[in-house]
Each structure stands twice: as structure tokens, then as C-alpha cells.
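There is one chain below, alone, in C-alpha cells, taken in the form predicted on its own.
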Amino acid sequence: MKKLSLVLFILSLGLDVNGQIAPVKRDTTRRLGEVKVDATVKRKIENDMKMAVSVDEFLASSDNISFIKRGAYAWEPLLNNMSTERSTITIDGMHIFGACTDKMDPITSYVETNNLSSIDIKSGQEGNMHGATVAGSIDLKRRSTPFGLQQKVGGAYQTGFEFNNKQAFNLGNLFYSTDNFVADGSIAFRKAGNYYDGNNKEVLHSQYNKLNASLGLAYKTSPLSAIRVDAIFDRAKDVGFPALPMDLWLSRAIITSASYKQLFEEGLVKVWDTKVYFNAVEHYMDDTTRPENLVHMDMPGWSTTYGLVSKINLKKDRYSSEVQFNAYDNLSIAEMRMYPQDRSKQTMFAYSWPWVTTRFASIAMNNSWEISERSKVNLGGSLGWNYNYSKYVEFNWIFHPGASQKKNRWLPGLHASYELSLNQFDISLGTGFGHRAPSVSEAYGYYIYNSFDRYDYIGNPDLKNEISYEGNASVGFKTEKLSIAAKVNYFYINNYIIGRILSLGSPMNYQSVGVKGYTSLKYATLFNTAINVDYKILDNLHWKGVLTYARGKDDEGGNLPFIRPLSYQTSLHYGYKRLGLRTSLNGDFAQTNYSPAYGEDQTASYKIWNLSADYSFSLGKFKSVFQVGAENLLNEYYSTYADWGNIPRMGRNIFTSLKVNF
């Protein structure tokens, strides 16, 4: 057994992860032109094993993103092992806020892989271009067709089936491009039943049904300028969450924007891009499919956001810069309604989000100086203003008499880094400092039930800003066949917001064991590290792997919750002519640094073996790819540290997919 563990450890050194690589931004005002604001190209939205992945599955291939899972749908992304309150997640720079107090509708659930071109991930204060953050930012970039393509009309269609949960999916894209006009659209449909775990037992309430569609229209107003309008519609219904006492009846989102882009051939300013946007989200949770519940509950929520994002790119000699202005207005409403077995008799009503308005504005700047051919200095900062107003503040006064109905906060942020290239080595050192405001739930939440630790949570409008100090470093080595990269970051966070048991108040949910209030610890610390390796064994045989480790502690030396244990991924890819073969092994070591105070228990180690094969061929003039594979090939029964309520993961899953490009 010790030998097997040692072999697994050695195999687990590295995985080529492109999640943090930003794409080359296409210039939509010149035929096939490019504005190289970021210098590296992002790979396709697929992972090493599957070409038909969800957004969640793709993000999971990044070494600094993990997930809290409450079912098979809408996983909550954790950037640098921090919850979504500490990160900024946007779609093309647009701020969108979920409408579920239980965080069952992260922003990543409102897009599909076939309407995205890439995902830009920034760690720590490097992500403050889109607003105040501690963990960093995730920007989901929508697909945009250039003007004047040689092929005026084209697209792709992808279909497939996954046998474990009987998931059927259909994804389609279509574009039309001329010298002055572009139209592109996408549609995606997924429907899945309950999945089965490694013991071949059905996991009830794990089904889902999702429809997503998008449309973009662009018109070139001059040789150097263009306007564009975009819309995304997303609908999910009959979504089960086996880790929760209720499910999703219906969720809908409409995400719209209109933008103007101007290029400049001369002068310091190279690009000016401005966008106005509007989005609305509605989310209806209930327990009508849970007859075992003694008291029934509905939890509807609504979120509406108006916003503006405007940025300019500057370039002169060895200096380049990006300046961005963000502003938005959001209204978040969530209700809680309780019923006896006879649902016609309502016995309780409360606002779990009491009509909370958030207004935010920030100015951010990233600067880069190439000191020499081998070294570069990056320096950036942001200053944000955050305003909150609670319409029904009396809900907050029950636990915090006299608490502020209105609150203004200033949120500064700074970051700096130095990059050096020496022969085959790349080295970087960086630091950062930033503030974040409490989230709507942390400041204004009222009896938000957490089924993980079985406590009702109460917000506090007068919580202090979290203040983060960070340091980071990386070193890479590259030859013609071998690439090795190691990175590390450390966060020291003052006023760390977390829930603590209150002596005041009684539980409202009959399943609760008590009441917790959001409070500020004196400080908390987080440490993350990863080692990535990519080795070209032969021209058509590649090996990749990653090893990650994280540690989080509170001000008393106790463990923070949802910190990933030592984990690994390793994979082999073999290609011969039109055939591709892939195999991978991934897993976590046992979670020994768990936190009973926050509802965690120890989770065992696990290892998952996956296998897939794909074949490229032509259907007439259409290029096509067929893929078949198996996840969890050995049908292992397991649950991880991040599975809400220790719900088991999916057992063996055979999947197939066919993609046709035209």
C-alpha cells in the first residue's frame, strides 16, 4: 500500500492548466485583425478528457479553482480556496448577482461552453480591474465573430449522451460575417436524470433540465469603430439538490449589453471600449418534491442589475496600461414562506434579503514596464465606493438594534509584481493589498438556513471591511520537451468574515440546531501552492500532471472550512493521425485538517481513473469528431471535503459525443 501511494505521488507531479491564461482579444473592427492587450492565447473550452464539458467541468481543470457541490448542477467555484463572496465573477466584465440565498445559482451557471470563447482567471489583487476582491476574478468571455471572414456563414453542432444519469445534450452555434456586419448565436439544451454512485445506488433529487441561448449583433461604424449588442437567456427547471432539503422549481436569467469600440492608429491610446448592460435573475426554490418535510418552505429570490464598464488601453514604447471604470446598481430580494402540510395555509413570511440595494463604482489601472528584454515590472491599483441600503431594516434590527440602514464604504486595492526571464527560467514575485465589503447575505441576511452545519445565519450591516495582504511567487523551467512550473501564494486577511454561534434567538427552520451570526475574526491565513509538469515523451505522446496543496487557519489556529487537501491529477495523451487516446488519474489525499466547528468531518482519500478516445473524420465537406470515454472507470464510491452533506459523487459514467463543424 505504501508503494502504491508513493507511485501515485510521483505520477501526480503536474497538469498543464490554461485557466489563468488570458486570450488574445480579437479586434472586431478590422478583418481578422487582433489587438494584443494580453499576449497569450487561451485553449478551447474543453478539458483533457472530454470535448463536451460544462463550464464547471472546464473550470475544475484549473489548479487554483475547486468547487462546493450540492448536487450535479450549479457548483459553487472557490478561487484560491475562498468562497464566492471573496471573488469577482463577471461575464465580459458585466457584474451579475445570483438570486438564491443558498448560492445555488453562481454566475457560471448562466452561461454555456458553446457561447464562450475563453475564461480569464486572475489571482488575488491582480483581479481588481473588475471590482474589489480578495481571492481574485473570473471573467467569462463571450464568443465574438470577427468581421469579414472568408467563410461568411458557419457554425458547429454537438450532441451526446452520458449513461450514468441519462444526460442528453445538444449544443449549436451559427455565425454570419461580412465586412460591416456580424451575427452570431448559440443554443444549448441539457437534460439529465438522477445519477448513481459507486455503489450503484440512485442519488435522489440530482436531476436537472437546462436551456441556454445567446445572440450577438455587431455593425462596423467606420474602419476603426464598431457597435455591438448581445443577449443571453438561460432557463433551468426541475433541478434537484440532494444535499439540500429543497430543490429548484425554476430559474431564469436575461443578460443584455450594448457596446461601442474604437481603435486608434496613432497616439498613446490604442483602444477604447465602453459597454452598458442590464440583467435580471429570478430563482424559485421549494420543497414540493420532498413530502417527508414536516413543514414546507418556498424561497423565491430576484436580482436586478444595471451597469457600465468602460476601459482604455494605452501603449507607448515599452510601457502599456489598461484603465477601467466600473459602475453598477443592484437590487437583491429574497423571501421565505413557511406552510404546514396544507400549503394553502401560510404560517410565516420573512425577507431573507430585505430589498437590499447595492451601488458600486470603481476606477482601476494596470501598468506594465518592460525594463529590458528579460525583465518587466507590473503595478496596478483600484479605488472603489460601495453603498448599501436595506428597505426593510427592521429585520436586521431584531438582532442588531440600531444597525445602519445605509452604509458607505471605500475599497482600495494595490498590487505589484516583478517578472524575470533567465535563459530557460521564468521567475516572478508579487504582492498585493485590498479591501472587500461584506456580501448581501453577510450584511443583511435573515435566517438563511445552512444545511451543511444545520444553523440559521444572521447578517450584520456594521461588519468591518475585510482587508487582505498577499504575497505570491512562481518559477518555471522550459526546454523543448519539458515544462515545469511551481507557484505559491499566501493571504493574511484581517476582519475575516465567518459565522459564529449566537446566544440570542431561536432557530426558525425545524431542521436547524441553532442560530449563527456573521462576525469578523481578528484575522485568518490562507496558503496555496501548485506544481505543474508537462513532458513531451514522443512527438505524439504527452504527459501532464499537477500537485496542489492548501492550508487555512483562523486567528485561534483552528482550521478554516472547505480547504482542499493535498490533491493530484496526471494524464497521458497519445495521438496517431486522426485518432486520439487519453487516460488520466486524479484524486485527493485524506482530509485531516477539517473543521468540526463549521460542520466538517474527515473525508477519506480517493483516486479516479478516466479514459477516452476520439476520432476525426469528414462528413462530406464538414469536419467532424466522435468521442467515447468513461469517467470513474473503476466505479469507486467516494465523497470529498467539498461535497455538501457528504453526498456521494457519481459512479462509473460512459459518455459519447459527436461534433460537426460547418
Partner chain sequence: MKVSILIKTIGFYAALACVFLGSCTKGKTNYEAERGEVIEENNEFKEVSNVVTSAYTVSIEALNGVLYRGYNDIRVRIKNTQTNTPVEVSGLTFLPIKTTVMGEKSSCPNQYHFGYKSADKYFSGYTVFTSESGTEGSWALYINFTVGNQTFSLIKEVAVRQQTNKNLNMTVFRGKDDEQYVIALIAPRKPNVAENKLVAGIYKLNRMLDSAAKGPADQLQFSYSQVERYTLKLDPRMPEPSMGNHSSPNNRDLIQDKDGLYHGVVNYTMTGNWTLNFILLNPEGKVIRGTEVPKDFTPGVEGRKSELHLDILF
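Numbering follows the first chain given and starts at 1. Since the structure is predicted, the reported quantities are computational estimates derived from the model, not experimental observations.
Form predicted together with its partner chain: not shown, discussed below.
Margin query: Given the stretches 585 to 593, 221 to 229, 408 to 416, 364 to 372, which is the single one in contact with its partner chain in the predicted bound form, using a heavy atom cutoff of 4.5 Å?
Written below: It is the stretch 221 to 229.
Discussion item. Whether N209 contacts its partner chain in the predicted bound form should be assessed with a 4.5 Å heavy atom distance threshold; does it?
Written reply: Result no; N209 lies far from its partner chain in the predicted bound form.
* Asked: Does Q150 make contact with its partner chain in the predicted bound form, using a 4.5 Å heavy atom cut-off?
  -> No - in the predicted bound form, heavy atoms of Q150 and its partner chain never come within 4.5 Å of each other.
Any non-hydrogen atom of T479 within 4.5 angstroms of its partner chain in the predicted bound form
Looking in the predicted bound form, residue contacts with its partner chain do not include T479, since no heavy atom lies within 4.5 Å.
Q: Evaluate K577 for contact with its partner chain in the predicted bound form, applying a 4.5 angstroms cut-off between non-hydrogen atoms, and reply yes or no.
A: Residue-level check for K577: no, no contact with its partner chain.
Query raised in the report: Using a 4.5 Å heavy atom cut-off, are A280, I398 and N509 all in contact with its partner chain in the predicted bound form?
Result: Checking in the predicted bound form: A280, I398 and N509 are all within 4.5 Å of its partner chain.
Looking at F264, Y523, W355, Y490 here, can you tell me which has any non-hydrogen atom within 4.5 angstroms of its partner chain in the predicted bound form?
Answer to the contact question: W355.
Exercise. Here the chain is shown alone; which of Y319, F425, F325, F181 has a heavy atom within 4.5 Å of its partner chain in the predicted bound form?
Worked result: Contact check passes for F181.
Original post:
What residues in 191 to 219 sit within 4.5 Å of its partner chain in the predicted bound form, counting heavy atoms only?
Top reply: Stretch hits, in order: L215, G216, L217, Y219.
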